[in-house]
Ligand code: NAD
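Quick setup: one chain, the form predicted alone, written in structure tokens, and binding and motion questions come after.
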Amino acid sequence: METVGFIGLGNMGAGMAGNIQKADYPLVVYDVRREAAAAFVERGARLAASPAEVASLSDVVFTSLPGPKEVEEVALGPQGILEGIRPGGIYVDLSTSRPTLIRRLEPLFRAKGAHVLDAPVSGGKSGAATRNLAVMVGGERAIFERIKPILDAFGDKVFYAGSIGAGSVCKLVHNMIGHGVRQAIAEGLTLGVKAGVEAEALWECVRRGALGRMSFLHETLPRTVFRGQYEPPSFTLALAYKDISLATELAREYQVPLPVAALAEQLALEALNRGWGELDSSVIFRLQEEAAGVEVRAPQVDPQRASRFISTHPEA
């Protein structure tokens, strides 16, 4: 059984390292706060004096750190992981960091005969403690397969994303979409409350409707956008524009600012002016694809695959 090194025993790292230890992997730990490692040492882990020592004692080294600055310091700094890692060793960064950084680190480790994966996680502190984490992994697939049992020890949704840096790209996209959705929810709920509806009733309507069922992610996205096919429509762009225009009209009546909704309305209007009104409302993706200079296509993806890692409320 591989010896696992873990650097960074904070909110996320402590939970993940704890689950690795529960899976009976020999564990070597390090944190700048020695007290953070105490519970692990009491349960049999070995305490290292530096990241380099962790790497020298381990087959697989994980880092869970606040951000790119700390990742670079721990990986490349004095007494860093690169200094101590052995040929054949594997370094896995679990932090939410820059794809460009892990892509810069990988050849430096490869020159020493070591391997690098990026594997940021999603699920929060409670998910880290309870093994309810999505793990998005980038790097050499053979190395991913080799250490997947360790990843499974702390994540219940382990996903191979592609080459080095792909995991980090997925995590940043995931969080960016999450923040955008959060803003849209904030706009909708403030509008609804100010227009006289109880917050709980609003949320029940949202949760039990198509949005709450995440039908766009489960069904519409793989059926339309991934194939570039917007006929036959399940909900036309013309109808979507009508609905969002009614919402922004209501917002003006109650003086509720809706920056995200206003932008969505203007984009829908632009798409209508292209003559796309009778196509599926997801045709709005075409405008973003044109602006970005890329097409979002995955014709092999079916709804079941697309929804594999999406949790929905059982009542939705």
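Because the structure is predicted, anything quoted here is derived from the model rather than measured. All residue numbers are counted from 1 along the displayed sequence.
If you look for the form predicted in complex with the named molecule, you will not find it shown, but the lines that follow are about it.
The named molecule is not shown here, but in the model of the complex it comes within 4.5 Å of a heavy atom of residue 124. The named molecule is not shown here, and in the model of the complex it never comes within 4.5 Å of any heavy atom of residue 57.
A residue is said to contact a partner when one of its heavy atoms sits within 4.5 Å of a partner heavy atom; residue 265 fails this definition for the named molecule in the model of the complex, lying far away.
When contacts are judged by a 4.5 Å heavy atom cut-off, residue 257 does not count as touching the named molecule in the model of the complex. Residues placing heavy atoms within 4.5 Å of the named molecule in the model of the complex fall in a single listed stretch, namely 63-71, out of 63-71, 40-48, 247-255, 273-281. In terms of contact with the named molecule in the model of the complex, the residue from 96, 224, 190, 236 that brings a heavy atom within 4.5 Å is 96.
Contact residues in stretch 154-180 (any heavy atom within 4.5 Å of the named molecule, taken in the model of the complex) are limited to 171.
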